[in-house]
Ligand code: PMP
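Here you get one chain, nothing else, as structure tokens; it is the form predicted alone.
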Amino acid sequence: MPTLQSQYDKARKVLPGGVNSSVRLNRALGTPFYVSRARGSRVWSIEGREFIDMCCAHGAALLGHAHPAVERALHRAVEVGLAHSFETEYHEELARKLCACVPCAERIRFCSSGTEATLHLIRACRAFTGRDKIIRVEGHFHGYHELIYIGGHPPASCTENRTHPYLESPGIPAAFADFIIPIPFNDVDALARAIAEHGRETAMVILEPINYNSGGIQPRPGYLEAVRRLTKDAGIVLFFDEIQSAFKKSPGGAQHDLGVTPDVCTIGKAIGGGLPLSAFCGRADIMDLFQPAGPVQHSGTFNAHLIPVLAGLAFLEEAAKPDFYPRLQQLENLFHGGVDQIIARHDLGMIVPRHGARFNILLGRRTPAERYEDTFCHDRAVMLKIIKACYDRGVYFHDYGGGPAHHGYSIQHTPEDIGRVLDVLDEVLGQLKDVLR
């Protein structure tokens, strides 16, 4: 039987770093987590060990693994003939149903990944406004392409991000940073100053309405409303990146949950039922700029492949069931009620922000974070110890470089699963309480 290490040794001979996505190296294990099969709330390693999955494909597996509705959709795709590069009635049906769910969505286009979704929608926003600059919020994540992988997550040592936006990867030309204006989250005055200085050159303000990618930071009361007002007054497109937040608490995403409607948004992760499907949507006058309705290009042989489109319809059918979100809410209440008790009982210096079926673990704080730099207290080394100790006890949390990353559960998790996870966390955090105070 192969081991994680032996498989990793083989993979590194043919794959850069042994992986196909950089964050698949789980540093708490020293290797990627190699899975032999997955079903429901469980995954099995190639070593034959069973785990409760608290990663859930980074939020994409909201239905859990091998959900029967998705399996039926896959069989249906085979019956149709795996048709791709064609439009079908299913594409229109999925688009129509999503437009009925998402408040800002009057038109929608499909692609495979969140990175693709933001890239194409940024192009449309620039074409719509005739402007080039982007106001983006520190700590928020919008994909790995050169247009926006700048200024989002500078290291603590980078003190000049707001005057010289930080390039987040080698290979990004420095000139791309000229189009990026980073601002802190939850700071209305900072946004107002940025608009006053750069508004006539700015195409959009882009942000996560819930900042899952830096500790689960929530917007202050009134913040998003102010962002909506300021952008509208300046003729700037308001762009919500809901790749992560879509469907986690309601069918309408965070814009529905929080009551603020942007001009455009991206949605992804969960909508494919575990298959690669993302989308970008928004006002008709912006979206109709895409060819053939308008001049902006967006094409791709595998855009809206039939398999994920049918899986997306299966996901929406499940999410529309009257018990779907009440069941997720039950799991949310059970998990977070238990976590709060564990933190209080051991007097731990940590918080577990949450919104719907995703949550974060942020070490080193007892009060909510409000902006990116508030997460610099997070102890990455201790987080890796927590992940490894949970792994040793049959609970899988993923490592995103040891930072305050997001985790979650699916509709196929049971109260018994959550109870087991809480027991493991109680034991692990209790053993580490001296370094968590």
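Quantities reported herein were computed from a predicted structural model and do not represent experimental measurements. Start at 1 and count along the sequence shown; that's the residue number.
Keep in mind that the form predicted in complex with the named molecule is missing from the display, and what follows is about it.
Figure note: of the listed segments 354-362, 111-119, 291-299, 220-228, the one touching the named molecule in the predicted complex, with heavy atoms no more than 4.5 Å away, is 111-119. Although the partner is absent here, Q244 lies within 4.5 Å of the named molecule in the predicted complex, judged by heavy atoms. Interface residue remark: P165 is not counted as part of the site for the named molecule in the predicted complex, having no heavy atom within 4.5 Å. The closest heavy atom approach of G143 to the named molecule in the predicted complex falls within 4.5 Å. Remark: E208 counts among the residues lining the named molecule in the predicted complex, judged by a heavy atom distance of 4.5 Å or less.
A single residue from the set H305, R136, K249, K269 has any heavy atom within 4.5 angstroms of the named molecule in the predicted complex; that residue is K269.
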